[in-house]
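As a starting point, one isolated chain is supplied in structure tokens, in the form predicted on its own.
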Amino acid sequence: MSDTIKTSNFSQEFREEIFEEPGADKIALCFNCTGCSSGCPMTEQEPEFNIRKFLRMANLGMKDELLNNTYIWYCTTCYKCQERCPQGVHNVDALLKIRTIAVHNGIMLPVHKKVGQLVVNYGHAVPINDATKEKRKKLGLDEVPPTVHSFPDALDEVKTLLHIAGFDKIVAKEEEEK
């Protein structure tokens, strides 16, 4: 076995793309103090979630391994890690950039894709059915929220915007294999 590191799995372009995010270049300043992960509500629930590891992978340009890591989607964006970082690393902002890159590469959790499909089809991620209307009524809200559900003529406009942005293609249902 060779001691040589395979550099084919490292992408300088990926690293630079992440560093375009304001403050993300500070990832290189991380000295692994664990301030970001101690007290992280997600780390407490799921030990495999480790934002330090993700940012280190980003700094090394480990594109394929990072973008295909299911745990990058577990961050709740509470910003606790970012607020606690003594180096001022923009942890959450960098992770959001990583997620954006993943989506643009066609990598998205199936549940997120389904929510996106709801938005494309109905202009809203939460279905408004009789049960939802009843819950809203009990909460003292209008049965229908002030979204495309209240303004059905706006649905075509929403669909047009999502199409122009390419979002409809990103979340499109995959063709069933024959």
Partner chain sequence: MSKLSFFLGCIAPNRYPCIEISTKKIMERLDVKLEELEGASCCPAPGVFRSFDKTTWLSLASRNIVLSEEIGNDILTVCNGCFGSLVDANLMLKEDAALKEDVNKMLSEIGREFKGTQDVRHIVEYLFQEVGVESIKNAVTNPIDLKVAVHYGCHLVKPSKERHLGNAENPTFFDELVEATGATSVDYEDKMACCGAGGGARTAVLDTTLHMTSNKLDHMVAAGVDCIVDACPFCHLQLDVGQTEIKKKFDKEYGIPVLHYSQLLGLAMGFTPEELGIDMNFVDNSKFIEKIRGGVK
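Computed from a prediction, not measured in an experiment: that's the story for all the values here. Numbering follows the first chain given and starts at 1.
From this point on, the text means the form predicted in complex with the partner chain, which you will not see here.
**Q** Check F31 for me: does it contact the partner chain in the predicted complex (non-hydrogen atoms, 4.5 angstroms)?
**A** No, F31 sits far enough from the partner chain in the predicted complex that none of its heavy atoms falls within 4.5 Å.
**Q** Within a 4.5 Å heavy atom cut-off, is T76 in contact with the partner chain in the predicted complex?
**A** Yes - in the predicted complex, heavy atoms of T76 and the partner chain come within 4.5 Å of each other.
**Q** Within a 4.5 Å heavy atom cut-off, is V115 in contact with the partner chain in the predicted complex?
**A** Contact check for V115: yes, within 4.5 Å of the partner chain in the predicted complex.
**Q** Test of understanding: in the predicted complex, would R56 fall inside 4.5 Å of the partner chain by heavy atoms?
**A** Residue-level check for R56: no, no contact with the partner chain.
**Q** Of the residues V148, L66, I51, I27, which one places a heavy atom within 4.5 Å of the partner chain in the predicted complex?
**A** Contact check passes for V148.
**Q** Suppose contact means any heavy atom within 4.5 Å; which members of 84-109 contact the partner chain in the predicted complex?
**A** Heavy-atom contacts within 4.5 Å come from R84, H90, D93, L96, R99, T100, V103, H104, M108, L109.
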